[in-house]
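Below you will find one chain, with nothing else, as structure tokens; this is the form predicted on its own, and questions on how it binds or moves follow later.
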């Protein structure tokens, strides 16, 4: 491992807003981490945390947790949150497959799934973060009628998500195949992620779905 990465990881472990495989935190995020009872919002696959931090700065009445598997990415997000004095932002290093091990039933109010890996090969459908495999996991931690937000530039993944939600009778609240030319663009869903800005510069249409899970 490169020396600079070792230094980052060593520092990351000391940051108060960073959590790695915390076996004690399930059901206690508000009490142990945020010290308040505000709604908890997750960003899955947060990378360097730009979007998590933007949301935290814009909406201080909510608590935001960015989740990713890569520690080097989370180091940057956690450092920026501290520099910006965002006390309502934290970062969690886990595999999303294990998300139910770190959040209690109905502990989470909302989930953002912005620009996940599309896994275009049909054999990889289960790895898509909007597959039924993951939707069932989200159901275990979301509050009743908890809202999910999905953004992508990938038409194939967008159609896969739409078909999955419709076939499983989940409730689509808002949908747009070109968010920035739609009537549903607002202060919340219009905050761009890092990849979103890159895709828009290339002329890609940003697709968005807001939905609530069915009873299953």
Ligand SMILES: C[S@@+](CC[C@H](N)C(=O)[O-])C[C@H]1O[C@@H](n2cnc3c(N)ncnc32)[C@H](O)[C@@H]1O
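What you see is a predicted model; the values in this text were computed from it and never measured. Numbering follows the first chain given and starts at 1.
One more form of this protein, predicted together with this ligand, exists but is not displayed; see below.
With the partner removed from view, the residue among 157, 41, 148, 46 that has a non-hydrogen atom within 4.5 Å of this ligand in the predicted bound form turns out to be 46.
None of 84, 144, 95, 136 but one reaches within 4.5 angstroms of this ligand in the predicted bound form through a heavy atom, and that residue is 95. Heavy atoms within 4.5 Å of this ligand in the predicted bound form are found in one stretch of 57-65, 32-40, 166-174, 187-195, which is 187-195. Although the partner is absent here, residue 101 lies well away from this ligand in the predicted bound form, with no heavy atom inside 4.5 Å.
In the predicted bound form, this ligand stays beyond 4.5 Å of every heavy atom belonging to residue 106. Not displayed here, this ligand is kept clear of residue 76 by more than 4.5 Å at the level of heavy atoms in the predicted bound form. Residue 70 belongs to the set of residues with a heavy atom inside 4.5 Å of this ligand in the predicted bound form. Along 113-144, a non-hydrogen atom within 4.5 Å of this ligand in the predicted bound form is carried by 114, 115, 117, 134, in order along the sequence.
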